[in-house]
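A single chain comes next, written as structure tokens; it is the form predicted alone.
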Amino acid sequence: MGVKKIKYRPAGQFEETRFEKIHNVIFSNSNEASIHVAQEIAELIKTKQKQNKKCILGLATGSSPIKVYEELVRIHKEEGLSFSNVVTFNLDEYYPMEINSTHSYYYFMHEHLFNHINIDPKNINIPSGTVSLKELHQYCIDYGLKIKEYGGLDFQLLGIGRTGHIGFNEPGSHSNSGTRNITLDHITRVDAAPSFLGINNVPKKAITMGIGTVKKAKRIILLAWGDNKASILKKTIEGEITSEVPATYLQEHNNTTFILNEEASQKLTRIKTPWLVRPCIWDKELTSKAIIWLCVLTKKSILKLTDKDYNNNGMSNLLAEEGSAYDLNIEMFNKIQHTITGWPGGKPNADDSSRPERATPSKKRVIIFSPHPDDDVISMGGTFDRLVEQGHEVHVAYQTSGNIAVSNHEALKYAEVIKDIDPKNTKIDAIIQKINSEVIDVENNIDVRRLKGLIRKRESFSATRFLGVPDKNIHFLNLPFYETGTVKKKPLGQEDVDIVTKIIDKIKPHQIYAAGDLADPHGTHKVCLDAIIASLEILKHNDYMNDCWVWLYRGAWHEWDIHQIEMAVPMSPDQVLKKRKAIFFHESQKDGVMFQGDDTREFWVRAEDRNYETARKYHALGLADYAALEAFKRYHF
């Protein structure tokens, strides 16, 4: 694929739209975006080499820049890029933090970049998490002075936190702040908790380069991936400058570019409501999106929208193309109404021309792919129940063991039960001793991980039996990419794809359900879906795949927007309760689950609230008043 040149331009001179105050470029995916950023850095290094000058780089950690570093390593190894003239200054480090800890940014940078290039170790500068508290103040001053002695940063790479922090400059940070010790915001610690296996293990303080130093960089690029960053990016790019969102200070920098993927950009005005910015080409998807937005804005159902509503809210050209609000409203109402079905596997002997699923074959083979051992019931438990009740051959494929999501105290409970049954079991003695050692990286113990995996496996069997699926239809794939014992996973490999391909080819399904919740581009759901998509590419030429449809559900974190939904399955109050009971079988994931994020609700509450909200939105648009709805979007391969 040819590489297109990013058209960077000073943000202070002109904007993408009248709403935007920081120049930004949107890519279809984070991999493509990262490659372009790495190429800009490589070109800067080469230019400095030709000038016989040092290249001073400010570097960031976290998941966002990983692919940039991978591409720089590739350019070094395959194209001979030398880093001999490069001096680096990292943004931050936890405090206190030992350099040999897998949680340290020293470890991160060497793991992802420095160990693989020819940079002089003397040119690597990373804030030290081992400096004594007595010496810390002067150490921070000296770190900033050293950057100044090199003439400042030629290039600064940034990520952005959900609080709007850059580096560890949390809300309240001053525009002219320098390198210093800082207390971490609670949300920042929540986001870091998965890597530390719980928020209690996350340091409360850090050392960070100051905003004043960052703003003096000659060039700044900020990376942001995923829809969990969309809200803060809108505030940063379109909002006023405020210390409550430290990244907004970058509006004052004259050579900053934000590099976003589509998910991260979705709340920018020109993406979310482009008709408010410029004339639009009204395809069906944009028309649906705009009409739903108009209903929410005017607090009207679809059939009550008027010509005036369209004209007064930036949609006059749509009205001119279609002729009248009446025609637009009827078409939109019918479209959404036709997404609703109580027969997710298709209704036998029915006219399916306006239904989301085919009537034939009347009894379908179905695979529900579940990234973790509870995503099936959390995300589509009602639909799962309908498919079984309506006589389809339902298989469930759990793609990972989910073992690291089982807490130590939960594992200890099961280990002690085994010990009570078999007091002479020396292996269980060793497991109990390891769990009681309170070592943070206990998951590196294979026997502990195996016990945790078995807990989740048996919980899954309990839930699927409750829903009426025979054990022979339950498949535990244990994809190798996941089995690292840590939050950090291996890249998707051919072995993972082969395992998924084998199960699809064995069952030859008419329907596949898969998780399409891709908020985190480095998350398990994304990798699991990538494995399925790669498998479909391999299998798509087989005859049986011509009759296979793929439906994507979302997890406990997000739901499809109404205009994206292509199948909505209603649930009665009794079915909502049955779904809840199925989720309850996953007992290890209740009451303080390890990777809960900043949402303190339990997963069953999140799921019910999301299903209630989808039903409420449908009803507000003028559709029937259902207790709850589960939503799906079809994936075409």
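Just so it is clear, the structure is predicted and the values come from calculations on it, not from any experiment. From 1 onward, residues are counted along the sequence shown.
The protein also exists as the form predicted in complex with a small molecule; that form is not presented, and the subsequent description refers to it.
- Using a 4.5 angstroms heavy atom cutoff to the small molecule in the model of the complex, all of L91, I160 and K229 count as contacting.
- For the options I166, I291, I532, M315, the residue carrying a heavy atom within 4.5 angstroms of the small molecule in the model of the complex is I166.
- Interface residue among Y249, Y513, F258, Y105 relative to the small molecule in the model of the complex, by the heavy atom within 4.5 Å criterion: Y105.
- The small molecule is not shown here, but in the model of the complex it comes within 4.5 Å of a heavy atom of S63.
- Of the stretches 55 to 63, 27 to 35, 604 to 612, 40 to 48, only 55 to 63 has residues with a heavy atom within 4.5 Å of the small molecule in the model of the complex.
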